[in-house]
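We begin with a single chain expressed as structure tokens, specifically the form predicted on its own.
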Amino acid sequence: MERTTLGRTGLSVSVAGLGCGGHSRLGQSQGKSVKHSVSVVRAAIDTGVNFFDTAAAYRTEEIVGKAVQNCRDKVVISSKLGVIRPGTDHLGQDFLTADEFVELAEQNLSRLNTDYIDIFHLHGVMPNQYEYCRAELVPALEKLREDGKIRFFGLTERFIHDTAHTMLQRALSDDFWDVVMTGFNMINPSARHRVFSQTRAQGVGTLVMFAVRRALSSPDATAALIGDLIARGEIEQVGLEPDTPLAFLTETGGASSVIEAAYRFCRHEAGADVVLTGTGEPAHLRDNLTALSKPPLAPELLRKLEAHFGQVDSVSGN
């Protein structure tokens, strides 16, 4: 597995990272045992993945902690904590205080069974929540770093509700974020200009989520979403077959599947450091990692994707 340097953190990380949340949560969403989920993480390690992203909300921190207990110094752990009090509206403003945030962060450490977290994120921050985070919770992150409990500051957007990256564009005008997590995929590549242009200029590390979600893994969902974009006048139908609008990606000389194309699209985007992939099965993990290890899509395919979807910023693909 190829590695890269994660921005100004200097961390050497695999270009593919194992996302431990999403629809699968390492198989926990499908009722798999903890032992099975630990085996997924260890399969990733055996394949050369050293970047693992989890969160309090995913309820997989203990699994990650068990899986990496014998190689903690060889892996990079990214974890996250929401900024709203548990049990309240995550789009609202019932914020954690700085003291509450630090107390809950201690629980992240305990669940991971580690003395430190490499990258600790404010999780899923909405545009209307950022100023509070900046004023009240960044000092809490600073305290955690001073105490040696976290190494670098991270920030993730709530892409399903903020598909145009409004929050991250504001946040990147500040210079204390070491890593950000953004949504980016073939049918909403708006992070290319709105996020990556800034992160590259500032040396901020980037984690890509939503490379493949339902809209790019289900042919019916793909056709329905792109049909909606056409109906709303956001894209034109010319050159797109109604039932198989992304068929051009798998024609002669193209990718073996739309999923493979989606991963390759993200993997080779300038400014994308780590592409996260989630799964609950080792075999599926290997397929995804194989796709992420392949070369860039052909230039003519990239030109077609840009022509069709380059201006889209209204969908997440979820």
Ligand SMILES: NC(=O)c1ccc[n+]([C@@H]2O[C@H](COP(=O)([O-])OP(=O)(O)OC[C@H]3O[C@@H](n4cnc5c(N)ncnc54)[C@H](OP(=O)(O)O)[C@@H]3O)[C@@H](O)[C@H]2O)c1
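Just so it is clear, the structure is predicted and the values come from calculations on it, not from any experiment. Residue indices: 1-based, along the sequence shown.
Unshown form predicted together with the named molecule; subsequent notes refer to it.
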Check all three, Cys20, Glu157 and Phe210, heavy atom within 4.5 Å of the named molecule in the predicted complex: yes
Does the named molecule get within 4.5 angstroms of any non-hydrogen atom of Lys80 in the predicted complex? yes
Heavy atoms within 4.5 Å of the named molecule in the predicted complex: does Gly205 have any? no
Taking 4.5 angstroms as the cut-off for heavy atoms, does Tyr263 touch the named molecule in the predicted complex? yes
Hey, in the predicted complex, does Thr9 get a heavy atom within 4.5 angstroms of the named molecule? no
Of the residues Ser217, Thr166, Asn128, Ser110, which one places a heavy atom within 4.5 Å of the named molecule in the predicted complex? Ser217
In contact with the named molecule in the predicted complex (heavy atoms, 4.5 Å), from 279-287, 65-73, 248-256, 41-49, is stretch 279-287
Judged by heavy atom distances of 4.5 Å or less, which residues of 46-63 approach the named molecule in the predicted complex? Asp53, Tyr58
